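Taking the form predicted on its own, here's one chain by itself in structure tokens.
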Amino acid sequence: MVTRLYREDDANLSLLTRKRIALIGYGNLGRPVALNLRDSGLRLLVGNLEDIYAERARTDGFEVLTIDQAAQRANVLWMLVPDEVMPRVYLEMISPSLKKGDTLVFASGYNVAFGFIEPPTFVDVIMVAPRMIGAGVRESYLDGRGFLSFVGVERDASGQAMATALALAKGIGSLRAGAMPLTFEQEAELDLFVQQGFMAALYQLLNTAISVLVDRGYPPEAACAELYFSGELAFIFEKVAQVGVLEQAQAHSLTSRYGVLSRYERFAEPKIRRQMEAILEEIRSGAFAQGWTSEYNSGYPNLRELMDRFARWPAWHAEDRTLKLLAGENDGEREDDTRPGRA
């Protein structure tokens, strides 16, 4: 049970003023984290391969070093490279330079939880995991809202590990909304389960709904618009994030409430629960993590095939046509040629 939510008053940003902070990676999350920390008054440098992300960091005004040079210079190292790449980066470029008093920071518990990275006993190992995509991390900082994060301590060698985690969470603007304490394992498993047990099911539901409607003669563009292109569904979920499911439901008409609640039980299929339980067990046992590592080492062959198959789903033809229609485009096809799957 989560017993508390950390807020800004729980953190002391001055703990970081004498620290040498290095962000390892300047991609989708690395850049917003770096900009937020700098805007909070902290000094930092960036460790990155010599690529377009390194050039962008320089353009943004940061000192950019190679990853191993950054590891040598800093005593707080925030790992922000992709999960599948991180173990090799850590082993070859980070671990040789670690010394007593250093702090390793992770934005996900994944690699530590599943044993791909095993930090030494003499460093602090902490987690600050935003529950927000990179662009949202920056936007939420600029507009003052903040965003929820999970924070955790895997190893407290200094006695100040949680204080450092909270200071970093404050520095990126998260504590304006709050941070929940979780273990590395809990964060990694929750994150993977949402992707595999919820988002996968949601995509399947969308595809099925569009197929049913189009097969019964409804225009595919209207089906897509009703389901999500209107923005109504996004608005509903935004309100759910603000006030919860129960309170948000009160904003709907009585017809809507009756329709949802009277049909809700029809989807309480035991098979769905069994599938979710099986997915969670694959995650917790490490089977998925091992499989993903093999996929990465092989050059992503299964991922490429899955993405190609996903792109060929008939429902996405309807989606493409709807986007063109909403953008004011007209390809001149007859109305009877608009069913999914038609060339």
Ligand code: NDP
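In case it trips you up, residue 1 is the first one in the sequence shown, and so on. Note that the coordinates shown come from a computational prediction; the quantities given were computed from them, not determined experimentally.
Absent from the display: the form predicted together with the ligand. The rest refers to it.
Q: Taking the ligand in the predicted bound form as the reference, which of Met86, Ile126, Val112, Ala169 has a non-hydrogen atom within 4.5 Å?
A: Comparing distances to the ligand in the predicted bound form, the residue within 4.5 Å is Met86.
Q: Of these, Asn28, Ser298, Gln69, Gln275, which has a heavy atom no more than 4.5 Å from the ligand in the predicted bound form?
A: That would be Asn28.
Q: Using a 4.5 angstroms cut-off on non-hydrogen atoms, would Gly197 count as touching the ligand in the predicted bound form?
A: No - in the predicted bound form, heavy atoms of Gly197 and the ligand never come within 4.5 Å of each other.
Q: Does any part of Pro119 reach within 4.5 Å of the ligand in the predicted bound form? Heavy atoms only, please.
A: Although the ligand is absent here, Pro119 would stay clear of it in the predicted bound form, with no heavy atoms inside 4.5 Å.
Q: Looking in the predicted bound form, any heavy atom of Pro82 within 4.5 Å of the ligand?
A: Taking the distances in the predicted bound form, the answer for Pro82 is yes, it comes within 4.5 Å of the ligand.
Q: Residue-level question: is Ser140 within 4.5 Å of the ligand in the predicted bound form, judged on heavy atoms?
A: Contact check for Ser140: no, nothing within 4.5 Å of the ligand in the predicted bound form.
Q: Based on heavy atom distances of 4.5 Å or less, which listed stretch (104 to 112, 262 to 270, 159 to 167, 240 to 248) is in contact with the ligand in the predicted bound form?
A: Single hit among the candidates: 104 to 112.
Q: Going through 95 to 133 from first to last, which residues have a non-hydrogen atom within 4.5 Å of the ligand in the predicted bound form?
A: The stretch touches the partner through Ala107, Ser108, Pro130, Met132, Ile133.
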